[in-house]
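Shown below, as structure tokens, is a lone chain in the form predicted on its own; questions about how it binds or moves come after it.
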């Protein structure tokens, strides 16, 4: 659940979520759950001409299974901490397999 933990630390940060239907939404991450369902506030659509019906929407809930990518702010991600956690998780998985 490493990715879930990373997303939990990014609440109240601005993220860009690209959906599998090519809709890209920028908004403030308010919550995320273990299924990687995402709640965004203060959203805007990157291509308003292609998705004019989304202009009036201000917040949304996105089901995790429809997400293609999530772009995170570079300053908000501690890469050293993420690398260490990945090593620990991998090491624990190898020990459990023995």
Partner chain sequence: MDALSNLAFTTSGALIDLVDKKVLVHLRDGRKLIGVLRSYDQYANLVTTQTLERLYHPPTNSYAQTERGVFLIRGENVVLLGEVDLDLEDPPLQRMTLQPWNQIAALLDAERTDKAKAKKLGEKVLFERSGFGEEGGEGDAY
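Positions refer to the first chain, counted from 1. As the structure is a prediction and not an experimental result, all values here were calculated from the model.
In what follows, reference is made to the form predicted in complex with its partner chain, a form of this protein that is not presented.
- When contacts are judged by a 4.5 Å heavy atom cut-off, residue 62 counts as touching its partner chain in the predicted bound form.
- The shortest heavy atom separation between residue 31 and its partner chain in the predicted bound form is within 4.5 Å.
- Among residues of the shown chain, residue 35 is one whose heavy atoms approach its partner chain to within 4.5 Å in the predicted bound form.
- Although the partner is absent here, residue 46 is not a contact residue: none of its heavy atoms lies within 4.5 angstroms of its partner chain in the predicted bound form.
- Along 41 to 57, these residues reach a heavy atom to within 4.5 Å of its partner chain in the predicted bound form: 49, 50, 52, 53, 54, 55, 56, 57.
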